[in-house]
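Only one chain is shown below, in structure tokens, and it's the form predicted alone.
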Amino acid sequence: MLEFRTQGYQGYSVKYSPFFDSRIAVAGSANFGLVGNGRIYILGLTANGIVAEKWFDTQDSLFDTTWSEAHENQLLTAGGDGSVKLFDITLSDFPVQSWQEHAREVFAVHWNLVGKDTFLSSSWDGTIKIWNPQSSSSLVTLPTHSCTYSAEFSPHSPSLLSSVSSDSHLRVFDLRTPASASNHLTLNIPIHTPPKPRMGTPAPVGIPPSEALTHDWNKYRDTILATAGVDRLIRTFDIRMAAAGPIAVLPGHEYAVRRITWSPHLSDILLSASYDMTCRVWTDGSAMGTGNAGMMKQENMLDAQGMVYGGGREMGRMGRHTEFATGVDWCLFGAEGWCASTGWDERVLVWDARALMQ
């Protein structure tokens, strides 16, 4: 396990470069993001451990970062002052572009993985904005009417994007649809909907809504998303069967789940970071059989309360963080399993999830 100390800055987000297997970006904030500066670190993995190749300071806290999919030396930051900034790591001191349209903190930025010419930002002001790096103003604004903690483009389509927010809903937008009255909104799924009960069992008790903090698209199954948040549960949804509720529910974290990400190598594996200071590796159970395994499990696997777990389980955990674990990401290259995590303990850890999986 490799370790780097982000002295004076608590980590909020960590991202592996899509171009280099040895480069990581970490967004951090002074004073836990409440007040003060932000800093974006560019870290290199070397034979002598992790070294800081470069960093940029910002006037306000940083809550997220994402690498450009079009330029290997550029990355975006999400700022507490409502700004989105584009940095080029071959240049010094200042961003090459800055956009200031959001009225509140920007909590997520994500580059279009298919189109590669656009990116999005989501904010506490209840909007998602889509941008082109060449344009000085946003291309589209999508209202969610609630504090939007996480938004992402689908890795399978340049015009599909999704978000989760404080109103406990997963929204899917399709930019190919007419804007009309719904602002490209095609699905609005209540995350707290209990799974469908098995025939002959009592319906599960309704679950109160709670803030959804993070979500991610599966990299192999183009209709599957996972969500997580304050209620400590990770859920997976199939957007073809939005009304059916979650197809898998993964309990285990003791406090809110701050970040989840699906494996780029294995279709059923995901990684989570939580305020309980652990990062955990999970399977959603979909690779345990053949055919329509997920639906069969819905019939067969229930706990005492009739809550469907979908055959998923925790496969291992990494408990080396000593404060909230806030960011986690998989390395796209090499043997599957290498990942990085960051947290409020001012540390970045690089570790092999395979060593934990059972």
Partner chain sequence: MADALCGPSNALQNFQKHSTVDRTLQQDRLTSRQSPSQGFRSSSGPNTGVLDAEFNAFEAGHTGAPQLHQRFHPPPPALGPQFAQHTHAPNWASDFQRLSLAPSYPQPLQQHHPAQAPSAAASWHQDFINQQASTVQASPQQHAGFGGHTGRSMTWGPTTFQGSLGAPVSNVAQGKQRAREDVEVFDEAAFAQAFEQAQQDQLHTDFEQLVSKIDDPTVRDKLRLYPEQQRMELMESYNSVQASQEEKNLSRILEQTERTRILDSMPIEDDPVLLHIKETRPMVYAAIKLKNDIDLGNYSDALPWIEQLKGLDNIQSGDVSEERWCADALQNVVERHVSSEITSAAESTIMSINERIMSQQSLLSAGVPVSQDRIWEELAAAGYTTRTPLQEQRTDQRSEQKKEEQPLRNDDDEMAETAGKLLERVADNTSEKFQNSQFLELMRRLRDREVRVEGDKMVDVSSEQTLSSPLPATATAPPEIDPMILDYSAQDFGMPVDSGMEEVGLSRHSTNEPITDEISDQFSYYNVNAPYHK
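Positions refer to the first chain, counted from 1. On a predicted model such as this, the values are computed, not experimentally measured, just so you know.
There is another form of this protein, the form predicted in complex with the partner chain, and it is not shown here; the text below is about that form.
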Contact check for Gly33, Arg232 and Asp276 against the partner chain in the predicted complex, heavy atom at 4.5 Å: yes
Name the stretch, out of 84-92, 264-272, 110-118, 236-244, where some heavy atom lies within 4.5 Å of the partner chain in the predicted complex. 236-244
Taking the partner chain in the predicted complex as the reference, which of Trp330, Phe56, Phe324, Trp67 has a non-hydrogen atom within 4.5 Å? Phe324
Of Ser166, Asn218, Thr283, Gln74, which one comes within 4.5 Å of the partner chain in the predicted complex, counting heavy atoms only? Ser166
Just to confirm, Glu101 within 4.5 Å of the partner chain in the predicted complex by heavy atoms? no
Evaluate Leu213 for contact with the partner chain in the predicted complex, applying a 4.5 angstroms cut-off between non-hydrogen atoms, and reply yes or no. yes
Is Trp338 close to the partner chain in the predicted complex, meaning a heavy atom pair under 4.5 Å apart or at it? no
Do Thr177 and the partner chain come within 4.5 Å of each other in the predicted complex, heavy atoms counted? yes
Scan 112-142 and note down the residues that get a heavy atom within 4.5 Å of the partner chain in the predicted complex; none is a fine answer too. Trp124
